[in-house]
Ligand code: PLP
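Single chain ahead, written as structure tokens, the form predicted on its own.
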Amino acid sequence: MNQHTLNSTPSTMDLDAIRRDFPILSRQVRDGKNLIYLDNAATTLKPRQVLDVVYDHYAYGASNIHRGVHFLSEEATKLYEGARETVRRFINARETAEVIFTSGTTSAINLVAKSWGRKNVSAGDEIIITHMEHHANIVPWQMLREETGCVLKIAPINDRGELDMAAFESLITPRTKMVAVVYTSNSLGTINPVRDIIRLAKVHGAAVLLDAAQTVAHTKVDVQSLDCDFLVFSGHKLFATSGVGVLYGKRAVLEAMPPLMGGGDMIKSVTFEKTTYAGLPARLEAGTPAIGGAIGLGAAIDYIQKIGFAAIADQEKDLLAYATGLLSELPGIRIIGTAAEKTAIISFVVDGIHPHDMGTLLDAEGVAVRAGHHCTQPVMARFKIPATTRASFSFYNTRADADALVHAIKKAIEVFA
């Protein structure tokens, strides 16, 4: 890694050096236009430091883990379990047994809903989610409702896209078994008051799951300080590859969960009469995992920790304020999601231009954004719109990227004038 990147601080972060760590930022698209990548909420770019370790694993060390006695298997196992320890430190879990590798946030939530949910939720019990949830934190609980007859309650949001905390508190009762909430909204940018949410849930003995897919790349998360029961996130939104994610759970809670899948590596012994399951974390990780992905996730965590969350926060807060100011001056634009506490995500609509058309016109200028409902159709219904155009920033973005976005929007507006 470039030495300037290693020594970055909020005042000395060398943005040019950091951008050189991301090969894709040198690409040209659409008739030779420089790529302006503003789709980080969908997936983040991958630095060389991650690409190199993933390549090295598959090129020189591709082997399965845990079960081999040869050198390559032992090496792969050490790297895989080393990545688990890196994740443990990253979120401050008490022990590596509390870190379960999954294929992503969606699979992690489904694991909790289907394993923990089937054991702990019965007819008439309550699960609370919010109006700003990603579909991945809606559909699994609806499935559990269909299976068990439990009650699914929805905490409302206000016109700024903020959770109505008074309404949320009124929904919690002694029958509430789970509160599953997004830490940071992928479509609104809202950062929820998760400490208050957890405190209120604990008063009634409810478990809490935090969807931190849009959080862990932007701010330090400490699961012990939060006291959540579960926390989930995806590697590909954390500068690692797709196909790997994390379920954190408190040991006692995870130990009480029956395995969702059976197969290799999650057992102690198997006979035709009886199977004895392995301990944590293996009992919840059946089959061959995404070994290279987990190793890459560890490298991605190392990378952003060397940059530092203070530096990342300074850069992203500046970009959010700068881009919001520029966009607010454009005619006919409406920003969807104006919470007092939000991350560097700006979703917007422009009078007379469908978000899909806007996304296509921005792409013609080399500006990559996301247009659609962002897997949050209830949010779109709440604001009475079919979709938004979403620009989402990361620490490697610049004010020049924001300028390019606004310039492209102005050209789109002229097309429809």
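None of the values given here were measured: they were computed from a predicted structure. In case it trips you up, residue 1 is the first one in the sequence shown, and so on.
FYI, the form predicted in complex with the ligand isn't displayed, but the following is about it.
- Looking at 192 to 200, 104 to 112, 288 to 296, 172 to 180, the stretch with residues near the ligand in the model of the complex, meaning non-hydrogen atoms within 4.5 angstroms, turns out to be 104 to 112.
- Contact between T184 and the ligand in the model of the complex is found at the 4.5 Å heavy atom cutoff.
- Looking at S347, you'd find every heavy atom of it more than 4.5 angstroms from the ligand in the model of the complex.
- Contact check for A213: a heavy atom falls within 4.5 Å of the ligand in the model of the complex.
- Although the partner is absent from this view, A136 contacts the ligand in the model of the complex, with a non-hydrogen atom inside 4.5 angstroms.
- Listed residues V50, V367, M358, A41 were compared with the ligand in the model of the complex; A41 is the one with a heavy atom within 4.5 Å.
- Contacts to the ligand in the model of the complex (heavy atom within 4.5 Å) from stretch 233 to 260: S234, H236, K237.
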